[in-house]
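Have a look below at one chain only, the form predicted alone, in structure tokens format.
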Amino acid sequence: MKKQPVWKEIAERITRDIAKGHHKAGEKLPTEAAYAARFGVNRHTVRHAISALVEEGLIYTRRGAGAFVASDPVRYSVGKRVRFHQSVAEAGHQGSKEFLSMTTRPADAEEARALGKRKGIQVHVVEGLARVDETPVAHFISVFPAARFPDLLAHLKTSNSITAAFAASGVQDYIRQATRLAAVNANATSATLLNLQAGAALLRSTNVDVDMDGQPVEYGRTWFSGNHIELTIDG
């Protein structure tokens, strides 16, 4: 019987350690150097084993931080009433958002079309990072018509909430008009923000939100990490 590769034996032993509860969900695993010393191999062999476990979804890596035990993905509902914090809380987790940049500029053709406006109108563009229990799970870019919401960015800086900023701007409620989902590969920006390897598989959501009169108020794109988020579609 042919002996299996050393890296595969190491992967199986790490898997057994996790199955026995030696490493909990979200916990950082020992370093490559530590595993190399433990198993008496070079770091390249350990790296091969880690890569195989990442492909299986048992662990995930964060750039510059190491490897971690994967937890079950958090279910995030996509439907007419999408509220990140509420959906995450209903799954028993704590959600938060960090706004990385805010700017006002002319809309490109795609943004204008989604908002039902002409190309070149002024729009507020907000880029940010969504976290679940402090783990980055999604990179998003949201676009808003500036003429309708002249003070939106100021409200966002104060409330750190799009829903609250809308309310302060006179929109007390809004719903999802349309959502498109597509599998994509992480570019350098998303990979860095989500602590993934460039080219990792992501699920991109493209959406248009409207007020209760059916007027578009937001055009958004979100790149979700499949390691941490499971999208469900509300009926």
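Here the structure is a predicted model, which is why all the values come from computation and not from measurement. For every residue, the number given is its place in the sequence shown, counted from 1. Just so we're on the same page, rigid core means the largest C-alpha set that superposes within 1.5 Å between forms.
Here the subject shifts to the form predicted in complex with the DNA, a form of this protein not shown in this document.
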Completion exercise
Partner contact check in the predicted complex: of 186 to 194, 41 to 49, 164 to 172, 202 to 210, the stretch with a heavy atom within 4.5 Å of the DNA is 41 to 49
Exercise for the section: Could you confirm whether Thr61 comes within 4.5 Å of the DNA in the predicted complex, counting heavy atoms only? Expected result: yes
Problem - Contact of Ala67 with the DNA in the predicted complex (heavy atom, 4.5 Å) - result: yes
Practice task
With both forms fitted on the core, give yes or no for whether the Cα of Ala186 moves by 2 angstroms or more between this form and the one not shown.
Solution key: no
Practice task
Indicate closer or farther: the Cα atoms of Asn185 and Leu29, in the predicted complex, relative to the displayed form, with a change of 3 Å or more.
Solution key: farther
Practice task
Quick one: in the predicted complex, is the Cα gap between Val46 and Gly199 smaller or bigger than here? Answer closer or farther; it shifts by 3 Å or more.
Solution key: farther
